[in-house]
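Below sits a lone chain in C-alpha coordinates, taken as the form predicted alone.
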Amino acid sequence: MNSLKTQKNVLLITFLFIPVLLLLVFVVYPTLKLLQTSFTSWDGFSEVQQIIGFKNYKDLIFNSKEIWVSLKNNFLYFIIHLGFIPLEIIAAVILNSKLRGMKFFKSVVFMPYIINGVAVAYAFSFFFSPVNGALNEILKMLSLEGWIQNWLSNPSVVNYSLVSVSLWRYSGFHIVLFLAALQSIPEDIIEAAVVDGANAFKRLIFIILPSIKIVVELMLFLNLRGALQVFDIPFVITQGGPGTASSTFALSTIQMAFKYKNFGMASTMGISLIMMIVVFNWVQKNIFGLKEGK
(Lines give C-alpha, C1' and ligand atoms only; values in the text may rest on other atoms or scores of the structure.)
Protein backbone atom coordinates (compact mmCIF):
# COMPACT_ATOMS: atom_id res chain seq x y z
CA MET A 1 0.00 0.00 0.00
CA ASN A 2 2.82 2.38 0.91
CA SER A 3 4.60 1.41 -2.30
CA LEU A 4 1.54 2.29 -4.38
CA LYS A 5 1.21 5.63 -2.61
CA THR A 6 4.91 6.33 -3.22
CA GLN A 7 4.53 5.52 -6.91
CA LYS A 8 1.58 7.91 -7.18
CA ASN A 9 3.56 10.68 -5.50
CA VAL A 10 6.57 10.10 -7.76
CA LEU A 11 4.31 10.12 -10.84
CA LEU A 12 2.60 13.32 -9.67
CA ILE A 13 5.92 15.07 -9.00
CA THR A 14 7.24 13.91 -12.39
CA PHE A 15 4.27 15.38 -14.24
CA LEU A 16 4.44 18.65 -12.29
CA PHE A 17 8.21 19.08 -12.50
CA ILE A 18 8.44 20.34 -16.09
CA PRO A 19 5.46 22.79 -15.91
CA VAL A 20 6.70 24.19 -12.58
CA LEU A 21 10.24 24.48 -13.94
CA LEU A 22 9.02 26.32 -17.04
CA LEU A 23 6.91 28.62 -14.83
CA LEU A 24 9.89 29.45 -12.65
CA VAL A 25 12.29 29.99 -15.57
CA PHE A 26 10.05 31.95 -17.93
CA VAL A 27 7.63 33.74 -15.57
CA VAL A 28 8.81 34.02 -11.96
CA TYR A 29 12.52 34.64 -12.60
CA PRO A 30 12.00 37.29 -15.36
CA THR A 31 9.42 39.05 -13.19
CA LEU A 32 11.83 39.19 -10.26
CA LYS A 33 14.61 40.49 -12.52
CA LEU A 34 12.19 43.07 -13.92
CA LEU A 35 11.36 44.18 -10.39
CA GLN A 36 15.05 44.43 -9.53
CA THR A 37 15.82 46.47 -12.66
CA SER A 38 12.95 48.86 -11.92
CA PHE A 39 14.92 50.21 -8.96
CA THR A 40 17.92 51.10 -11.15
CA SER A 41 18.85 53.59 -13.86
CA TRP A 42 20.24 50.87 -16.16
CA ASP A 43 20.60 51.85 -19.81
CA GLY A 44 20.65 48.27 -21.09
CA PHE A 45 24.39 48.23 -21.84
CA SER A 46 26.33 49.10 -18.70
CA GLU A 47 27.71 46.22 -16.66
CA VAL A 48 26.81 47.98 -13.40
CA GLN A 49 23.22 48.83 -12.53
CA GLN A 50 23.05 51.90 -10.30
CA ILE A 51 20.39 51.59 -7.59
CA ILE A 52 18.16 54.68 -7.41
CA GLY A 53 15.37 53.37 -5.17
CA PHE A 54 11.83 54.48 -5.95
CA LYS A 55 12.85 57.38 -8.20
CA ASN A 56 11.53 55.67 -11.35
CA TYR A 57 8.17 55.08 -9.69
CA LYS A 58 7.94 58.69 -8.52
CA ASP A 59 8.86 60.00 -11.97
CA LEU A 60 6.34 57.66 -13.59
CA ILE A 61 3.51 58.96 -11.42
CA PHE A 62 4.35 62.67 -11.11
CA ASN A 63 6.63 63.62 -14.02
CA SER A 64 5.46 61.59 -17.01
CA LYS A 65 2.64 63.40 -18.78
CA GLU A 66 3.13 61.29 -21.93
CA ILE A 67 2.54 58.12 -19.94
CA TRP A 68 -0.77 59.43 -18.63
CA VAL A 69 -1.77 60.31 -22.20
CA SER A 70 -0.95 56.72 -23.16
CA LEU A 71 -3.09 55.37 -20.32
CA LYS A 72 -5.93 57.62 -21.46
CA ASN A 73 -5.69 56.03 -24.90
CA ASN A 74 -5.69 52.56 -23.32
CA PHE A 75 -8.83 53.53 -21.40
CA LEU A 76 -10.51 54.46 -24.70
CA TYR A 77 -9.85 50.95 -26.03
CA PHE A 78 -11.36 49.49 -22.85
CA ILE A 79 -14.49 51.66 -22.86
CA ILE A 80 -15.34 51.11 -26.54
CA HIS A 81 -14.75 47.35 -26.35
CA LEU A 82 -16.84 47.29 -23.18
CA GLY A 83 -19.68 49.06 -24.98
CA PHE A 84 -19.60 46.43 -27.74
CA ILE A 85 -20.04 43.47 -25.39
CA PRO A 86 -23.88 43.66 -25.49
CA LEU A 87 -23.75 43.73 -29.30
CA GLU A 88 -21.40 40.75 -29.29
CA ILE A 89 -23.80 38.82 -27.05
CA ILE A 90 -26.70 39.63 -29.38
CA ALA A 91 -24.63 38.54 -32.39
CA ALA A 92 -23.81 35.27 -30.58
CA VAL A 93 -27.52 34.69 -29.87
CA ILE A 94 -28.30 35.21 -33.57
CA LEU A 95 -25.50 32.87 -34.66
CA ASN A 96 -26.73 30.29 -32.15
CA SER A 97 -30.07 30.10 -33.96
CA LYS A 98 -30.76 27.37 -36.50
CA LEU A 99 -30.96 29.62 -39.53
CA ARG A 100 -29.55 28.60 -42.88
CA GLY A 101 -25.89 29.47 -43.44
CA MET A 102 -25.03 30.03 -39.76
CA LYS A 103 -21.93 27.78 -39.97
CA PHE A 104 -20.55 29.96 -42.77
CA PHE A 105 -21.17 33.16 -40.81
CA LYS A 106 -19.52 31.66 -37.71
CA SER A 107 -16.37 31.01 -39.72
CA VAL A 108 -16.41 34.49 -41.25
CA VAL A 109 -16.87 36.14 -37.82
CA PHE A 110 -13.89 34.27 -36.34
CA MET A 111 -11.61 34.77 -39.37
CA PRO A 112 -10.18 38.23 -38.42
CA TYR A 113 -8.87 36.89 -35.10
CA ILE A 114 -6.68 34.21 -36.70
CA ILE A 115 -5.07 36.67 -39.13
CA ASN A 116 -1.65 37.94 -38.07
CA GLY A 117 -1.96 41.22 -36.17
CA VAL A 118 0.83 42.91 -38.15
CA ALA A 119 -0.86 41.97 -41.42
CA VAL A 120 -4.15 43.39 -40.14
CA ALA A 121 -2.45 46.63 -39.13
CA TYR A 122 -0.75 47.01 -42.51
CA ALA A 123 -4.02 46.34 -44.35
CA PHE A 124 -5.87 49.00 -42.36
CA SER A 125 -3.05 51.50 -42.78
CA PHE A 126 -3.82 51.39 -46.50
CA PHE A 127 -7.57 51.42 -45.80
CA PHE A 128 -7.25 54.70 -43.85
CA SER A 129 -4.67 56.22 -46.20
CA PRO A 130 -5.55 59.79 -47.27
CA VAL A 131 -4.14 59.03 -50.73
CA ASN A 132 -6.55 56.70 -52.53
CA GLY A 133 -7.48 55.02 -49.23
CA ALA A 134 -10.51 52.74 -49.46
CA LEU A 135 -12.40 54.53 -46.69
CA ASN A 136 -12.21 57.94 -48.32
CA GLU A 137 -13.11 56.43 -51.70
CA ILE A 138 -16.19 54.81 -50.15
CA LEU A 139 -17.22 58.15 -48.66
CA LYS A 140 -16.86 59.74 -52.12
CA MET A 141 -19.09 57.06 -53.63
CA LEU A 142 -21.71 57.78 -50.95
CA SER A 143 -21.47 61.54 -51.60
CA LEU A 144 -20.11 62.14 -48.10
CA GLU A 145 -17.09 64.20 -49.11
CA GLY A 146 -17.52 66.36 -46.00
CA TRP A 147 -16.48 63.39 -43.86
CA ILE A 148 -13.22 62.82 -45.72
CA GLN A 149 -10.12 63.58 -43.64
CA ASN A 150 -6.70 62.28 -42.63
CA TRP A 151 -7.85 59.50 -40.32
CA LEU A 152 -4.37 58.69 -39.02
CA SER A 153 -2.87 62.17 -38.67
CA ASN A 154 -5.76 63.96 -36.99
CA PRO A 155 -5.20 63.75 -33.20
CA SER A 156 -8.93 64.00 -32.51
CA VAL A 157 -9.88 60.92 -34.56
CA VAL A 158 -6.73 58.79 -34.83
CA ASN A 159 -7.47 56.75 -31.70
CA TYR A 160 -11.01 56.01 -32.83
CA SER A 161 -9.61 54.78 -36.14
CA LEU A 162 -7.21 52.45 -34.32
CA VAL A 163 -9.90 51.21 -31.91
CA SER A 164 -12.09 50.33 -34.91
CA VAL A 165 -9.26 48.09 -36.16
CA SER A 166 -9.08 46.44 -32.74
CA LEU A 167 -12.85 45.89 -32.77
CA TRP A 168 -12.72 44.34 -36.22
CA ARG A 169 -10.00 41.94 -35.15
CA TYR A 170 -11.19 40.83 -31.69
CA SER A 171 -15.00 41.06 -31.72
CA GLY A 172 -15.27 37.79 -33.64
CA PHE A 173 -13.24 36.01 -30.96
CA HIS A 174 -15.52 37.41 -28.27
CA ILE A 175 -18.60 36.32 -30.20
CA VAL A 176 -17.24 32.77 -30.50
CA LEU A 177 -16.65 32.64 -26.72
CA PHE A 178 -20.18 33.84 -26.04
CA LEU A 179 -21.48 31.35 -28.61
CA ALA A 180 -19.74 28.48 -26.83
CA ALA A 181 -21.30 29.62 -23.55
CA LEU A 182 -24.77 29.81 -25.13
CA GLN A 183 -24.47 26.28 -26.49
CA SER A 184 -23.80 25.03 -22.96
CA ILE A 185 -27.25 26.20 -21.80
CA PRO A 186 -29.68 23.23 -21.69
CA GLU A 187 -32.33 23.58 -24.39
CA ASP A 188 -34.98 22.37 -21.94
CA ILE A 189 -34.67 25.61 -19.98
CA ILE A 190 -35.14 27.74 -23.08
CA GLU A 191 -38.08 25.63 -24.27
CA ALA A 192 -39.72 25.85 -20.84
CA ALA A 193 -39.38 29.63 -20.91
CA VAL A 194 -40.98 29.75 -24.37
CA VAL A 195 -43.87 27.62 -23.15
CA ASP A 196 -44.34 29.97 -20.19
CA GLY A 197 -44.67 32.87 -22.61
CA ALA A 198 -41.26 34.53 -22.16
CA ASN A 199 -40.34 36.61 -25.20
CA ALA A 200 -36.82 36.85 -26.67
CA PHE A 201 -35.90 39.86 -24.51
CA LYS A 202 -36.98 38.20 -21.26
CA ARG A 203 -35.16 35.01 -22.19
CA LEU A 204 -32.01 37.05 -22.80
CA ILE A 205 -32.23 38.97 -19.51
CA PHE A 206 -33.46 36.28 -17.11
CA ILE A 207 -32.03 33.07 -18.57
CA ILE A 208 -29.20 33.62 -21.04
CA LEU A 209 -27.22 36.36 -19.27
CA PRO A 210 -27.27 34.68 -15.80
CA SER A 211 -26.23 31.39 -17.44
CA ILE A 212 -23.19 32.91 -19.17
CA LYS A 213 -22.17 35.18 -16.29
CA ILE A 214 -18.82 33.41 -15.88
CA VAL A 215 -17.97 33.99 -19.54
CA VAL A 216 -19.00 37.65 -19.24
CA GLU A 217 -16.64 38.00 -16.27
CA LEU A 218 -13.87 36.34 -18.29
CA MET A 219 -14.58 38.68 -21.20
CA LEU A 220 -14.29 41.72 -18.94
CA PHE A 221 -10.89 40.53 -17.74
CA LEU A 222 -9.69 39.83 -21.30
CA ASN A 223 -10.99 43.24 -22.34
CA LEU A 224 -9.10 44.96 -19.53
CA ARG A 225 -5.89 43.04 -20.08
CA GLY A 226 -6.05 43.50 -23.83
CA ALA A 227 -6.73 47.24 -23.52
CA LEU A 228 -3.69 47.70 -21.26
CA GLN A 229 -1.45 45.63 -23.54
CA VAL A 230 -2.38 47.16 -26.91
CA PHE A 231 0.81 47.42 -28.94
CA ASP A 232 0.87 46.02 -32.48
CA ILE A 233 -1.95 48.09 -34.01
CA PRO A 234 -0.68 51.59 -33.02
CA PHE A 235 2.95 50.55 -33.49
CA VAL A 236 2.51 49.42 -37.09
CA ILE A 237 -0.08 51.96 -38.23
CA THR A 238 0.96 55.23 -36.55
CA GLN A 239 4.05 54.51 -34.39
CA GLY A 240 2.15 56.36 -31.66
CA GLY A 241 1.71 59.51 -33.77
CA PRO A 242 0.94 62.15 -34.59
CA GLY A 243 3.33 63.05 -31.79
CA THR A 244 2.17 60.87 -28.92
CA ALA A 245 -1.57 61.21 -29.69
CA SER A 246 -2.08 57.50 -30.35
CA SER A 247 0.60 56.07 -28.09
CA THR A 248 -0.33 53.31 -25.64
CA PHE A 249 1.25 52.17 -22.39
CA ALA A 250 2.90 49.11 -23.95
CA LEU A 251 4.19 51.15 -26.90
CA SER A 252 5.58 53.79 -24.53
CA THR A 253 7.31 51.05 -22.54
CA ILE A 254 9.04 49.64 -25.63
CA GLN A 255 10.10 53.12 -26.74
CA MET A 256 11.40 53.91 -23.25
CA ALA A 257 13.63 50.84 -23.37
CA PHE A 258 14.91 50.78 -26.94
CA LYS A 259 14.53 54.37 -28.14
CA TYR A 260 15.48 56.29 -25.00
CA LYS A 261 17.76 53.56 -23.57
CA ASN A 262 16.14 53.71 -20.13
CA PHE A 263 15.60 50.09 -19.19
CA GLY A 264 15.15 51.03 -15.55
CA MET A 265 12.06 53.16 -16.27
CA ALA A 266 10.82 50.61 -18.82
CA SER A 267 11.04 47.91 -16.14
CA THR A 268 9.12 50.19 -13.77
CA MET A 269 6.42 50.56 -16.39
CA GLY A 270 6.33 46.78 -16.88
CA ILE A 271 5.87 46.18 -13.14
CA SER A 272 3.22 48.91 -13.03
CA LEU A 273 1.36 47.20 -15.89
CA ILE A 274 1.36 43.91 -14.00
CA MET A 275 0.10 45.64 -10.85
CA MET A 276 -2.67 47.43 -12.74
CA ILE A 277 -3.92 44.17 -14.22
CA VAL A 278 -3.81 42.45 -10.81
CA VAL A 279 -5.60 45.32 -9.03
CA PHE A 280 -8.31 45.72 -11.66
CA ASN A 281 -8.86 41.96 -11.72
CA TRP A 282 -9.20 41.95 -7.92
CA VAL A 283 -11.72 44.81 -8.08
CA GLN A 284 -13.69 43.00 -10.79
CA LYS A 285 -13.81 39.76 -8.81
CA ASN A 286 -15.01 41.61 -5.71
CA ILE A 287 -17.73 43.40 -7.68
CA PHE A 288 -19.00 40.10 -9.10
CA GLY A 289 -18.70 38.54 -5.66
CA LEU A 290 -20.87 41.26 -4.13
CA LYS A 291 -23.48 40.78 -6.84
CA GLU A 292 -23.56 37.08 -6.05
CA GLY A 293 -23.98 37.86 -2.35
CA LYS A 294 -20.71 36.28 -1.28
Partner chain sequence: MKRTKLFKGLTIFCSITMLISSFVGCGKNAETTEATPDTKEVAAGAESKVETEEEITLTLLQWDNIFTKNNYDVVAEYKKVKPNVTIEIENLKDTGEFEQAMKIRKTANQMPDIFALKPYMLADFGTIAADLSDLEAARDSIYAETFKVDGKIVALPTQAFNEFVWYNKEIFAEYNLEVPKTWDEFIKAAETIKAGGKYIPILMGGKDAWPDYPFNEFMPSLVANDGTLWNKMAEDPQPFTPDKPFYQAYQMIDQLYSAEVFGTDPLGMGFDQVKAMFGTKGAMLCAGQWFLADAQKAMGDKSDKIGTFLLPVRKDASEKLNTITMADTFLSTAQGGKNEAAAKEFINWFLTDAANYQAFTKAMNVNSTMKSIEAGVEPCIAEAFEGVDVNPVIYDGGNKKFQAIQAATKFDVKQIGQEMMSGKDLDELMNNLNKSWQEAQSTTK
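Remember, predicted model here, so these are calculated numbers, not experimental data. Numbering follows the first chain given and starts at 1.
If you look for the form predicted in complex with the partner chain, you will not find it shown, but the lines that follow are about it.
Taking non-hydrogen atoms only, residue 107 never approaches the partner chain to within 4.5 angstroms in the model of the complex.
Although the partner is absent here, residue 70 lies well away from the partner chain in the model of the complex, with no heavy atom inside 4.5 Å. In the model of the complex, the partner chain sits within 4.5 Å of a heavy atom of residue 125. At a distance threshold of 4.5 angstroms between non-hydrogen atoms, residue 239 is in contact with the partner chain in the model of the complex. Only one of 99, 195, 131, 141 lies close to the partner chain in the model of the complex, with a heavy atom inside 4.5 Å, and it is 131. Only one of 109 to 117, 144 to 152, 81 to 89, 210 to 218 places residue heavy atoms within 4.5 angstroms of the partner chain in the model of the complex, namely 144 to 152. For the candidate spot formed by 11, 66 and 261, every residue has a non-hydrogen atom within 4.5 angstroms of the partner chain in the model of the complex.
With contact defined as any non-hydrogen atom lying within 4.5 angstroms of the partner chain in the model of the complex, the contacting residues in 42 to 77 are 42, 44, 45, 47, 66, given in sequence order.
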